[in-house]
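Next up is one chain by itself, shown in structure tokens, the form predicted on its own.
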Amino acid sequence: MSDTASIVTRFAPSPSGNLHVGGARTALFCWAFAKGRGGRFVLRIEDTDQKRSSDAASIGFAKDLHWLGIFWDEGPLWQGTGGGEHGPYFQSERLDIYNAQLQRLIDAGHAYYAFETAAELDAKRKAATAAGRAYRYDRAALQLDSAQVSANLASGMPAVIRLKCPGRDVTICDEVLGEATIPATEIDDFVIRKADGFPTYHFAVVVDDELMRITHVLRAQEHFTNTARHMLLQDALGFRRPVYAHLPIICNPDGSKMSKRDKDKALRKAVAERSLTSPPAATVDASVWNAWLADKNIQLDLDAAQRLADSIGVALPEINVDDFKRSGYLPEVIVNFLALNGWSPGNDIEKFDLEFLRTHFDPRRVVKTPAKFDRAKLLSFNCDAITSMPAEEFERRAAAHGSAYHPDFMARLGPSGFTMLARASQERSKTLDEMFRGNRFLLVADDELCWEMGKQVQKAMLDGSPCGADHLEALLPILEGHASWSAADLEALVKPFADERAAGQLGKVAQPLRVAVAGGTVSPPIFDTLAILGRESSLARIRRCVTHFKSLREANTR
């Protein structure tokens, strides 16, 4: 690929959902290739499919790209990014441009109107299948004379416009996949304008790539066969051909395609395991729930799916950029990891930032085979980044995450409590979300905390003589008589008690304390946990715990 300042790439998503990680990687590679060579990166919204497009999805794309640090030189205006001389950058606002180019093709005899109904075309497809041959449009519309065409259009008869293909093979020279020839028999006279008046993807993308001066098209391999159609359109319109590079798809480790259906499968499995026959309150409308359960082809919208998942305590697999953001992954880690899915800088280099990618990205190092998304490796990358960042930065970024996704936590803890939790959690956190998900006990009302009754809890509380409950009962008045409640002061108070009562085994006292205030055997360091909870909450929970386990022991000895 040439290294000139005139290079222009584009990312052109359809606003029909959230930004998939595969789309994010395409945008990343397009950005890196252009910016690393002094070129321009264009964002274009391909919203000609009115049934599937939404304004909310367009905004979501912009937010996701900004979060990743991918900024466009031309495109929709968003927080100081965008604009440009080749707009509008929403295809739905470019209909006059497309219509002018369509008319050029019709006037030159390269395209024609066709009036068949969907039912008529379906019948022809079924007839071809029954005859054991592949369906190709039979060009029946070309038998109409110009007077009949004009009369049909004047009467308002629905019509599409088809490209009159030249009937020749098309050879694609791809920078990743190499050279391939698509036989003429595989390309019939395809539709370039739909009956609703909007251009098809094939037509709009060709016109926009030409008028926006796109020089290099980097996109997913699923578009490879479309390229032959696009080249035929470029020839018919007299347009130049950009350089093409088709990127491998990103798939799950088992080779299946990463898709939002993965979320649906996980949710259905969890619902079945819990034998749920009705939706939890404030999650999914009952009629939607019933339709979803009755038909495996129906999927809940993302917000409803997330509400249901949160309610029943199931983690859905991350598929879209926003999923990873919600799960507490760092944008710089996502960028680093996505770049390694299908590309490598060589020399065993794995950890790098956007600037490194900008200066080193070369499509010639993109692999041809599907890239497998290794979630364990991504989590390891994220853990390394979190544990190595300065404490102040972790607190700042965790606070922003908490404010966005866990406002109840932030309100409960307050600034000082949150600072203590962040400092106690950083070394144990693989994601920004982990400190919130793993410490839900902090939000439970003191008189509603329940205790796990697994083997570890029973061992901590009831084994031995004296047992953990006995230690807590003896420690309680000492804690009640102590006014200071900092982690350091509490440690100084409890250690001598453990030396005297538990032969210096601090765990014999610390673990029952943890069970008492957290409901289980997992929490941040115990003295930090007590300080975060505060004196009154800690004492209230310890009192209830002593009463609970004394009663349990007495019941067991009857």
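Model, not experiment: these values are computed from the prediction. Start at 1 and count along the sequence shown; that's the residue number.
The form predicted together with a small molecule exists for this protein as well; it is not shown, and the discussion that follows is about that form.
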property: Distance check, residue 10 to the small molecule in the predicted bound form, heavy atom within 4.5 Å; result: yes
property: The small molecule contact at residue 489 in the predicted bound form, heavy atom, 4.5 Å; result: no
property: In the predicted bound form, residue 201 touching the small molecule (heavy atom, 4.5 Å); result: yes
property: Proximity of residue 49 to the small molecule in the predicted bound form, heavy atoms at 4.5 Å; result: no
property: Per-stretch contact check against the small molecule in the predicted bound form, the hit in 473-481, 279-287, 78-86, 201-209 (non-hydrogen atom, 4.5 angstroms); result: 201-209
property: Heavy atom within 4.5 Å of the small molecule in the predicted bound form - the one residue of 219, 162, 325, 229 that qualifies; result: 219
property: Position in contact with the small molecule when the complex is considered in the predicted bound form, options 223, 307, 360, 406, heavy atoms within 4.5 Å; result: 223
